[in-house]
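This document starts with one chain, in the form predicted on its own, laid out as structure tokens.
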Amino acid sequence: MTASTPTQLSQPASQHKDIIIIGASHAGIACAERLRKLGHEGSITVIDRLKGLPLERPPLSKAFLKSAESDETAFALRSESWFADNQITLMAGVTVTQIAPQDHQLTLDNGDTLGWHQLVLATGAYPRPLPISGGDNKNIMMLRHPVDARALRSKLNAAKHVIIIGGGYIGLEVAASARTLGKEVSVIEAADRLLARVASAEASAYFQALHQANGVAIHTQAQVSGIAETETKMQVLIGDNKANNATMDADLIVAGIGVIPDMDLAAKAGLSTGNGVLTDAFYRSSAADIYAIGDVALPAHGYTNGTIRLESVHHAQMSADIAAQSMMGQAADAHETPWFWSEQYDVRLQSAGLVPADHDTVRREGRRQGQVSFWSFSANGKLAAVEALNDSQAYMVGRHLLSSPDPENRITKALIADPATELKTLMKRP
């Protein structure tokens, strides 16, 4: 699959328009920054419901949980001076309650209204609640925002046994952080393997072995049917596909079963929505002068052609760049091959592409001990994804190949599997 290339836009430049961005995470901040670099001279206001400076999201499940409160400024997405230097107004701790597309106005939770020429929705997503008895217990921790991370960090320090419901990347990163802090950790996953939606079967097996080697108890094909709380502990009721039921005790439960796009504002404003705010290739919504970027956006054209909503820092930044270029009346960059990274213990995953549901994967050992990569091919034999573990060369080569057309299917499973194949030479193929 290759990236799609939007065409040149004909709308006039908007250097002096007033722009409001709702959401101050990676997508919102990247869009504001890009607009200034492209020469936008009008006002830029970023509104975020969270108080304080925006923080980077990836470290929240990793280094942040192991840090001291005094170290928090190290995780700031941008410094306070950055906003002043770029003449960007940050309205933190403020909630937008309503958008009026035809009037080009929005309403804040204090009743004030603000006008805009162009509006960007970077509202992100929120954790999916547990749809079980006791799933709404306030003592069940979820991790999405800095507020969640602060609360989890505080409780994690006092916990002894941590149960994590959900074997996705967030759950596994929290598991690794908890084990590093010396906690007893169990991971419960309903699917038959970890990372079932996002990783190859081979990569899933790798991470399961990694966590088990570090003392994490992994329970797959385990259905959580309920959560109860006593004066001294939390109880998780689980079963498997063979109806074997059990109760597990913990003093801290973390749920990580996916997220839901935060499109309430968009839906109330009458924008077209589905599994996200529906946009075109330029991240323009169905309403004039309103864009949607980052986790909340589902572009009809691009890498996934409207089939999958991408949740990653890379997509946040890419969509912010394309939207900013479109708002400025400039030619937009291509939709790039998606990439993602994760850190667990001493292993760094770098992946590019998307693993198809029906995939055939080749394992390749790296040049140095401990390096390995998994190359997944789709049913038609085309390279679809690369997952590299502590192997930056495999990742860089794989990302390059996925971003380059290969109409003759020169990159084959046999070629990748052959130890004699020098990966760097594949970047020079005709």
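The first residue of the sequence shown is number 1, and the count goes up from there. Here the structure is a predicted model, which means the values were calculated and not measured.
Beyond what is shown, the protein has a form predicted together with a small molecule; the following relates to that form.
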Candidate from Y303, F75, F340, Y206 lying within 4.5 Å of the small molecule in the model of the complex - any heavy atom: F340
Assert contact residue (the small molecule, in the model of the complex, non-hydrogen atom within 4.5 Å, options L210, L265, M234, A201) equals L265
Go through 281 to 289, 324 to 332, 189 to 197, 116 to 124 and give me the stretch that gets within 4.5 Å of the small molecule in the model of the complex, heavy atoms only. 116 to 124
Contact with the small molecule in the model of the complex for E336, defined as at least one heavy atom pair within 4.5 Å: yes or no? no
Just checking whether Q105 would be counted as a contact of the small molecule in the model of the complex - the rule being heavy atoms within 4.5 angstroms. no
Residue-level contact is defined here as any heavy atom of the residue lying within 4.5 Å of the small molecule in the model of the complex; does I170 satisfy this criterion? yes
Decide whether I238 counts as a contact residue for the small molecule in the model of the complex under a heavy atom distance cut-off of 4.5 Å. no
